[in-house]
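This document opens with one chain alone, in structure tokens, the form predicted alone.
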């Protein structure tokens, strides 16, 4: 194992970890506040990637500008999905939540298959394409840009949750929805806003990923698994827990791909998940 290759793998892992954190944050927010088991999360990411591709192609837009359209679109979509499918079961049995979100997952996957077929789709141009060198190390521009935007978004989200009245209402609802309701918090509206916000974050994540990666109807499988592992590692530790869990996972993944086998990506994720559940079932950054 050469030191330069190892450091390069760590750098790449840190960069990808920032992007992974944004991908998982929507799931962590929904699960932490609403306690909803959303198996469709990865397929919402896949849908965001497809829509980014479609709008970029049809409007001749750079994918880094597409979130100006897709974030409000997905925010409204998230509220609509909550009101149309989850509102009645949000405090119901876990089995009902699983059935509904798995149904959403299958629906989204088949809609994308019908609209864009099974062929992978990729963006032909973006202003952040390419890479640059710092000494012996390589920094891919698109991934670095994605990581910076992701981190700034997570900082803004953290400030929103800790410094604003609505953010405090969301945190209070996450702690105890019944107690929050007694203090005047409209829990239904908080749930709807939270699901919309989480879905809006997915729109941004999908656009950033499309600057360096293609999409196909099975992309949701990988990002769904990835997000659940990060949330499990974070242990409902908030934005900070999600961020550091993503960094740890991405570094492990990057080192494994570099020094083991590029095809072992999913194996590494599964192994980390299994080891985590065995060593610390409540997560690395659990608050409760």
Partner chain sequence: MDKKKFLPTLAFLIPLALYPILISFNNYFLNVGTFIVIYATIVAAWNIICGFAGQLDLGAGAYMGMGIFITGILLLWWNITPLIGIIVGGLATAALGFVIGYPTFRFGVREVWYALSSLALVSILQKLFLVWEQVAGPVERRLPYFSGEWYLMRFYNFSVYFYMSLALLIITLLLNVKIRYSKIGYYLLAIRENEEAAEMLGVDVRKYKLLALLIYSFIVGLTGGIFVLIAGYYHPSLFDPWVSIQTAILGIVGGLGAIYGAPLTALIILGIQEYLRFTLGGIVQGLHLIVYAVILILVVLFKPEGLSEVFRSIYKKAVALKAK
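Residue numbers count along the first chain shown, from 1. Predicted model only: the values in this text are computed from it and were never measured.
One more form of this protein should be noted, the form predicted in complex with the partner chain, which is absent from this view; the next part is about it.
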In the predicted complex, the residue from 104, 77, 187, 144 that sits within 4.5 Å of the partner chain by heavy atoms: 104
Of 171, 91, 158, 117, the one that lies within 4.5 Å of the partner chain in the predicted complex (heavy atoms): 117
Partner-proximal stretch of 248-256, 53-61, 224-232, 66-74 relative to the partner chain in the predicted complex, 4.5 angstroms, heavy atom: 224-232
4.5 angstroms heavy atom contact with the partner chain in the predicted complex for residue 128: no
Proximity of residue 84 to the partner chain in the predicted complex, heavy atoms at 4.5 Å: yes
Close approach of residue 96 to the partner chain in the predicted complex, 4.5 Å, heavy atom: yes
Residue 110: touches the partner chain in the predicted complex, heavy atom cutoff 4.5 angstroms: yes
Contact set, 269-284 vs the partner chain in the predicted complex - heavy atom within 4.5 angstroms: 270, 271, 273, 274, 277, 278
